[in-house]
Ligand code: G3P
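Just the one chain here, the form predicted alone, laid out as structure tokens.
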Amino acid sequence: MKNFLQDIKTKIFADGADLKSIIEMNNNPLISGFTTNPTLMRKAGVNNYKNFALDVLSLINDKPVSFEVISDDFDEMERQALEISSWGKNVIVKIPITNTKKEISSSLVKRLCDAGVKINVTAVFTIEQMMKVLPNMSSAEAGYISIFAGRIADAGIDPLPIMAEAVEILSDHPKIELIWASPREVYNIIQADQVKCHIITATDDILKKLNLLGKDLSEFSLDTVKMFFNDAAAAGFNIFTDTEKYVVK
């Protein structure tokens, strides 16, 4: 795995809300940062937002960690963002590109960047959206724009041209990094690196497959055959009648 990944320049951020997994990933030298969101937190059974965040930050203080605001009102988002930002120097505040009314968050992003809050503009799907918010991040010491490439692909649209264009645009904004968000498979890491995307997020199920990168396909084929055979035996499957029974052996 190390030999295969050593030439990849795209940084990997672990995406999730399971504290045990976060601890494990923090010890993984391949992981450069962490992200989460309310949906992942709910799925993981988090019932106290601030306590969870502070637990994470007590373990991770040397890598960026993104936490998202949870309001639909921009003034309240601002109040929450200032509070979340105060939890640690490595905290990045996720601001959605719009609220649920489809109102763009660019003015809020500008106020927060001017106030020194590190921002991750999230749920971006188009270059047009990015261009509406990017000028308002000019005062940022550091910031991120998360384009949801995986969900773009879910819509039947190739995300690669969008990501490549975003990388090119951000070459004139060295303080802002592009995040390839919502990947669907390990190969997305290769794709992100090919277009020189700065960062890709990865959930635990993808991170557990990193050891497959560069695996010999003949060996992979044999492992798959063995898996099918062993699972059939373990399940005690029978294709024939009892009198014709074939026992997997």
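Numbers follow the displayed sequence, beginning with 1. Note that the structure is predicted; figures quoted are calculated from it, not measured.
This protein has a second form, the form predicted together with the ligand, left out of what is shown; the following refers to that one.
Point to revise | Contact flag, residue 151 vs the ligand in the predicted complex, heavy atom cut 4.5 Å | key: The answer is yes: residue 151 has a heavy atom within 4.5 Å of the ligand.
Review point. For residue 181, is any heavy atom within 4.5 Å of the ligand in the predicted complex, or not?
Key: Output for residue 181 is yes: heavy atoms within 4.5 Å of the ligand.
Review point. Does residue 40 make contact with the ligand in the predicted complex, using a 4.5 Å heavy atom cut-off?
Key: Result yes; residue 40 sits at the interface with the ligand in the predicted complex.
Point to revise | Partner proximity in the predicted complex: residue 94 to the ligand, non-hydrogen atom cutoff 4.5 Å | key: The answer is yes: residue 94 has a heavy atom within 4.5 Å of the ligand.
Exercise for review: Could you tell me which of 75 to 83, 103 to 111, 127 to 135, 143 to 151 sits within 4.5 Å of the ligand in the predicted complex, going by non-hydrogen atoms?
Suggested key: Within 4.5 Å of the partner lies stretch 143 to 151.
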